[in-house]
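First, one chain by itself in structure tokens, the form predicted on its own.
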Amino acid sequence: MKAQDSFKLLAVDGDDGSLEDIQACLAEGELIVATASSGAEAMRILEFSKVDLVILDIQIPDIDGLSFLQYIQEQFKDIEVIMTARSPSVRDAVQAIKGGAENLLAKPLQPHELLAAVNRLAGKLTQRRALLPQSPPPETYGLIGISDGIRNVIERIERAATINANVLIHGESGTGKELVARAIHYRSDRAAARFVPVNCTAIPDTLIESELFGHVKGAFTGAKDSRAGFFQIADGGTIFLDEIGDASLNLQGKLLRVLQNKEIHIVGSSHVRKVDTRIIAATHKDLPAMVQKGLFREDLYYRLDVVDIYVPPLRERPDDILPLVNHFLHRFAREMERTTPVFSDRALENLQRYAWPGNVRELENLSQRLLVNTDGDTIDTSDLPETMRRITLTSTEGLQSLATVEAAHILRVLAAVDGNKTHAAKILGIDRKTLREKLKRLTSAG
């Protein structure tokens, strides 16, 4: 995994051969791991170094491994632990999981099993890091994300800001197209002039000319005063035509004339006025398809689409979900003067698997709703909307065999009931004899 290069791992084992095996295994996965052959040495490393993951043997020379696990849980709450043991018993597995370890691996260690366990925990650690408070660097223009998709958008913004050409931004609703338009304007040499957003859907045909170009007093019934239009207000600056795909053919014709002639005709006036206004348009619709159907003027489309910027939806950039939700949670928490809660690992997984039809806007609204409706310090799956709670894996990634899932579930139930097999069998819905047989197979398999 790419993100693992920055994770610090510590292997604690009294057997030098086992430590060498762990180092060799993790080196194949491009991971570097520190080692300690005693609890005392491990404590010194933990005290003076930042460690993310500990691979801990259940038997180390100077301290019981389970006791050392308890020490880690109490003193270093953010550290994840994988335990190892030679011929582990069911009791060992129960105590390790109950003590806070992710799992217990049997020795001699199998490289693919160890790497798989480390990879899973690295994913959890990556999620946690993404939720730490952080401000986006200024060159991102308020666009939050680490994905290639958002980096490409930032590169396009830089390019568009250095030229005076028209820009067409396309992407689904809620992806932040206006934020991109503002970034282009305030990065360009027009930043000192006005940025004027115009919703093309909201302009009725009867008021198109007046809204866009302005009118003089008495130009029509109800024109009691002269009024500047959007293009006059944006003169020297930028006009942002949002949802240009919803513009009527009448409005499209008016816009085309301004683009061709760089001048406007104020309603009620016999004079034309030159305007120096840059146009940035945005749409969630497929304009080329609309052109083919005669719903959008081809000549206008090509005049607008000089610089093209595509803003990808959240489902195409899942790596950006955690930085975004982190940003929104901290912002709303400051406004509400409360502590920022954290997400459980399960809740984070659901957020990343959800399709986000409303994109960033939906994620922002969810973040605010969760803060309003959640009183505790942790947001769990049960706090999410029902549509997100029902999310299931849509690929084979991360899926495990039925035997593996069953074994993990049995061990967790045993841990929850302090190893009481009678109670565990009752919870599992099987008789005690069946449980004993499953445990026997589990132990022999380990």
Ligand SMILES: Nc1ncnc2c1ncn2[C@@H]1O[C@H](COP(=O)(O)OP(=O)(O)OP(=O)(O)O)[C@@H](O)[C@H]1O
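Computed from a predicted model, the values in this text were never measured in an experiment. Numbers follow the displayed sequence, beginning with 1.
The form predicted together with this ligand exists for this protein as well; it is not shown, and the discussion that follows is about that form.
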| property | result |
| --- | --- |
| In the model of the complex, segment of 204-212, 264-272, 356-364, 250-258 with a heavy atom within 4.5 Å of this ligand | 356-364 |
| Interface residue in the model of the complex among E349, E172, D92, D235, criterion: non-hydrogen atom within 4.5 angstroms of this ligand | E172 |
| The unique member of R278, R297, K98, K177 whose heavy atoms fall within 4.5 Å of this ligand in the model of the complex | K177 |
| Exercise: L324 in contact with this ligand in the model of the complex, heavy atom 4.5 Å | yes |
| I144: touches this ligand in the model of the complex, heavy atom cutoff 4.5 angstroms | yes |
| F328, heavy atom within 4.5 angstroms of this ligand in the model of the complex | yes |
| Distance check, A193 to this ligand in the model of the complex, heavy atom within 4.5 Å | no |
| Heavy atom within 4.5 Å of this ligand in the model of the complex - qualifying residues of 236-251 | D242, E243 |
